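First, one chain by itself: the form predicted on its own, in structure tokens.
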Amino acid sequence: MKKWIGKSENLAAYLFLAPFLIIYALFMVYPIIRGFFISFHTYQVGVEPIFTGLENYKTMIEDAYFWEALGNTLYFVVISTPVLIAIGLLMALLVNSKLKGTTFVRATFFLPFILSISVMASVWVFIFQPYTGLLTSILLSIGVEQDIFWLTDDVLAWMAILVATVWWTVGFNMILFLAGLQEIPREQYEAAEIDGAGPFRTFISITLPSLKSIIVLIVILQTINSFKLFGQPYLMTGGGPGTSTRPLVQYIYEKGFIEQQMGVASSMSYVLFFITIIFAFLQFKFFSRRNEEDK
């Protein structure tokens, strides 16, 4: 009887899980397998695939634009990840304080995260627009007479993309840090205060060690998100000036859907996929080792 009840419960669990498993297999597992298959073929929509072996990967390796786009992506990962983590932590510390109005400030900081990327890009293109943009108008009002072309200069374009990305996404990191801060027992801070520890010593000795697991999670998530950079440069600079801000995901999109080279685009996608996994794995191992050493 117990055995029959156990089987019945398992069946009910599988039935509840079935819709999710079907959708997951259809929209996640199948595209991954199909993409791997296409990376070894010459493929166009509506045309029978032709097996080409490693030819797509050879084309990818010999493509200078691929290496430039990969370099642009790595550059963005390096400049964006520490900034987004540091600002997210600072914002979380601010809204976790006992100051009045922190609920309103929390909502204000998180609000940009719910905007669509097209809205976000429109806002920042208006701000960085030369001659008539908001930032240009402010600079003119304080006496700066030289026009600055934020979106058409190599260095400034990356800065504009970084600023827009921080404004748009840092609220998510703030929420994760805030959840971690609120899990720290107040007794630890009270004991530190009795011992005469100042704010900096309290932050180094109590807050940071208590946030280790959250920091590991945010570093890995943020690195993966930065590798997926696409919408900001695509909508704000078009990947320019020239191709200097074109990330790999945008190049994959252009290869696949504009040039109709689905096989080459799939091979690039898999290279990006494995690079992202390697980065995430190395970060996880690094932080795990640091945690073991601290114990």
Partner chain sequence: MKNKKKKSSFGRKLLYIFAFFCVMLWLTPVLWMFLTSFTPRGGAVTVLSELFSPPFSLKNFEYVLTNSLIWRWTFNSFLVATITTILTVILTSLAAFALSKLKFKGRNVVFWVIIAGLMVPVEAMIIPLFQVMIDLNLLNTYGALILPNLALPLGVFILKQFYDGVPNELMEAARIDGASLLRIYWNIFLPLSKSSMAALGIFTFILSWNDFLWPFLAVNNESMFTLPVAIPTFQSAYSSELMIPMAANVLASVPALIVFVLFQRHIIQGVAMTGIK
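Quantities reported herein were computed from a predicted structural model and do not represent experimental measurements. Positions refer to the first chain, counted from 1. Under this definition, the rigid core comprises the largest set of C-alpha atoms superposing within 1.5 Å between the forms.
Keep in mind that the form predicted together with the partner chain is missing from the display, and what follows is about it.
Engineer: Taking 4.5 Å between heavy atoms as the contact cutoff, choose which of Thr202, Ser122, Ser210, Thr152 touches the partner chain in the predicted complex.
Structural biologist: Of the candidates Thr202, Ser122, Ser210, Thr152, Ser122 is the one lying within 4.5 Å of the partner chain in the predicted complex.
Engineer: Classify Tyr65 as contacting or not contacting the partner chain in the predicted complex by the rule of any non-hydrogen atom within 4.5 angstroms, answering yes or no.
Structural biologist: Output for Tyr65 is no: heavy atoms all beyond 4.5 Å of the partner chain.
Engineer: Indicate whether the partner chain has at least one heavy atom within 4.5 Å of a heavy atom of Glu183 in the predicted complex.
Structural biologist: Because a heavy atom of Glu183 falls inside 4.5 Å of the partner chain in the predicted complex, the answer is yes.
Engineer: Does at least one non-hydrogen atom of Gly239 fall within 4.5 angstroms of the partner chain in the predicted complex?
Structural biologist: Answer no; every heavy atom of Gly239 is more than 4.5 Å from the partner chain in the predicted complex.
Engineer: Phe126 near the partner chain in the predicted complex, any heavy atom under 4.5 Å?
Structural biologist: Yes, contact at 4.5 Å.
Engineer: Counting only non-hydrogen atoms, choose the one of 169-177, 69-77, 202-210, 152-160 that falls within 4.5 Å of the partner chain in the predicted complex.
Structural biologist: One stretch meets the cut-off, namely 169-177.
Engineer: Going through 11-45, which residues have a heavy atom within 4.5 Å of the partner chain in the predicted complex? Please give them in sequence order.
Structural biologist: Result: Ala12, Ala13, Tyr14, Phe16, Leu17, Pro19, Phe20, Leu21, Ile23, Tyr24, Leu26, Phe27, Met28, Tyr30, Pro31, Ile32, Arg34, Gly35, Ile38, Tyr43, Val45.
Engineer: Quick one: core overlaid, is Leu26 moving 2 Å or more at the Cα between the shown form and the other one?
Structural biologist: It does shift by 2 Å or more.
Engineer: Can we say the CA of Val45 moves by at least 2 Å between the shown form and the other one when the core is superposed?
Structural biologist: Where the cores coincide, Val45 still shows a C-alpha shift between the shown form and the other one that is 2 Å or more.
Engineer: Mind checking the CA-CA distance of Gln283 and Leu176 in the predicted complex? It differs by 3 Å or more from this form, so is it closer or farther?
Structural biologist: Between the C-alphas of Leu176 and Gln283, the gap narrows in the predicted complex (3 Å or more compared with this form).
Engineer: Quick one: with a 3 Å or larger change, is the Tyr75 to Phe284 CA distance smaller or larger in the predicted complex? Answer closer or farther.
Structural biologist: Compared with this form, Tyr75 and Phe284 lie farther apart in the predicted complex.
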